[in-house]
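Single chain ahead, by itself, as structure tokens, in the form predicted on its own.
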Amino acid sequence: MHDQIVDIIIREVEEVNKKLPNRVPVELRNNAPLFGTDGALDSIGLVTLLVAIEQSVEDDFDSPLTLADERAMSQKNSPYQTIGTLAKYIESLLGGSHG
């Protein structure tokens, strides 16, 4: 499941990259910085990406998902830092809804 989620994130990041002055280095896969100190995304870019990922995850896993919520925002370590941290967060949300 993790690799499938990473592939979804990368696919959506590549779409967002087409509109960004600073690209997210998708070739780094799990370690590619998304948001924060080293990230290429500003807050609007992050929200755009999260909405696209939510739609793709819902299509692929037939499970509705909300990525930008109080739970995510209040975590000590942001799930939005890298592709890998976001994939783990999505996996935990899907595991909770399917388990």
Partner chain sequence: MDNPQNLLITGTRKGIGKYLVEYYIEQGFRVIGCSRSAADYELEHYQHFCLDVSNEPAVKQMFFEIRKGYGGLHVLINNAGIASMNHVLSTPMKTVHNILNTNVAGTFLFCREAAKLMQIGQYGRIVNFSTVATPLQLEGEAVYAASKAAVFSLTQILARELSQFGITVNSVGPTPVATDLIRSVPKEKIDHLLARQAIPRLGTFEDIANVIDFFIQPKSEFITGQNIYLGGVS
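Positions refer to the first chain, counted from 1. Since we're looking at a predicted model, the values are computed, not measured.
Separately, the form predicted in complex with the partner chain exists; it is not shown, and the next lines address it.
_Residue-level question: is A72 within 4.5 Å of the partner chain in the predicted complex, judged on heavy atoms?_
Residue-level check for A72: no, no contact with the partner chain.
*May I ask you to state whether E58 is within 4.5 Å of the partner chain in the predicted complex, using heavy atom distances?*
Yes, E58 sits close enough to the partner chain in the predicted complex that at least one of its heavy atoms falls within 4.5 Å.
*Applying a 4.5 Å heavy atom distance criterion, does V26 contact the partner chain in the predicted complex?*
Contact with the partner chain, no.
_in the predicted complex, is there a heavy atom of the partner chain that lies within 4.5 Å of any heavy atom of N31, even though the partner is absent here?_
N31: no, not in contact with the partner chain in the predicted complex.
*State yes only if every one of D3, I5 and I10 has a non-hydrogen atom within 4.5 Å of the partner chain in the predicted complex; otherwise state no.*
Not one of the three qualifies.
*Even though the chain is shown alone, can you say which residues of 52-68 have a heavy atom within 4.5 Å of the partner chain in the predicted complex?*
Sequence-ordered list: E54, Q55, E58, D59, D62, S63, P64, L65, T66, A68.
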